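Read the single chain below, which is given as structure tokens and is the form predicted alone.
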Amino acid sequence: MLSQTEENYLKALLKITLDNEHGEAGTNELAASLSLKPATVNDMLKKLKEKQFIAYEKYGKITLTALGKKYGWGIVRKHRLWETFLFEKLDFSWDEVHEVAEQLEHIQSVKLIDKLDQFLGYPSFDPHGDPIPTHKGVVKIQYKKLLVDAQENETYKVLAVKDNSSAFLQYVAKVGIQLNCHIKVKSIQTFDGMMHIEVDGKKSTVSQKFAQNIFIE
């Protein structure tokens, strides 16, 4: 059984390595994502290596082993199932579910999580549009493009959000965007990428940073 701290490390490593085309993570990058000092991270990396969750040499890059990926996806599965339960069954808003799911994801009962999955009807995606791994560890990865890559005078469907922070999700809701809604790109400023959009008749102006965090098709 892993400690909560070890689980948090594996989940953070999974996210970083998925975003890296080489499937690697750096010590400083990991430390920054966990808001810890590199020296503290190094101590935990030694433990994870001893347990065969990662491949790692001091001052080198970190990669997850097959075992590390299995456990990492298992934690992600629990997190996203709890988010879905909170959102669909308990009327939490999508900017509230992440923090609560962070606590619930450490529950160890496999039976409970499998029953939760069944109760929810085996959902494929969580409230933010992220794929939920199956009990066998199968993940349905969507190939997504970002709103920042959109063209003028085109309409797109929102698939997911990249930033799950409460501040961003509240801003997204204020603009009127939710999963599966349609965004019409009215115009894009050449100078700074500022984008004028319309969602269900509501017009807004959003920044390039905003557009880099909305997945579309």
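Position 1 is the first residue in the sequence shown; the rest follow in order. Here the structure is a predicted model, which means the values were calculated and not measured.
From this point on, the text means the form predicted together with the DNA, which you will not see here.
Among 58 to 66, 154 to 162, 183 to 191, 170 to 178, mark the stretch whose residues have heavy atoms within 4.5 Å of the DNA in the predicted bound form. So the stretch in question is 58 to 66.
4.5 Å heavy atom contact, residue 28 and the DNA in the predicted bound form: Yes, residue 28 lies within 4.5 Å of the DNA in the predicted bound form.
Closest heavy atom of residue 43 to the DNA in the predicted bound form, within 4.5 Å or not? Answer yes; at least one heavy atom of residue 43 falls within 4.5 Å of the DNA in the predicted bound form.
The DNA contact at residue 212 in the predicted bound form, heavy atom, 4.5 Å: Although the DNA is absent here, residue 212 would stay clear of it in the predicted bound form, with no heavy atoms inside 4.5 Å.
With a cut-off of 4.5 Å between heavy atoms, is residue 70 one of the residues that contacts the DNA in the predicted bound form? Looking in the predicted bound form, residue contacts with the DNA do not include residue 70, since no heavy atom lies within 4.5 Å.
Using a 4.5 Å heavy atom cut-off, are 9, 38 and 47 all in contact with the DNA in the predicted bound form? The answer is yes: all three residues contact the partner (heavy atom, 4.5 Å cut-off).
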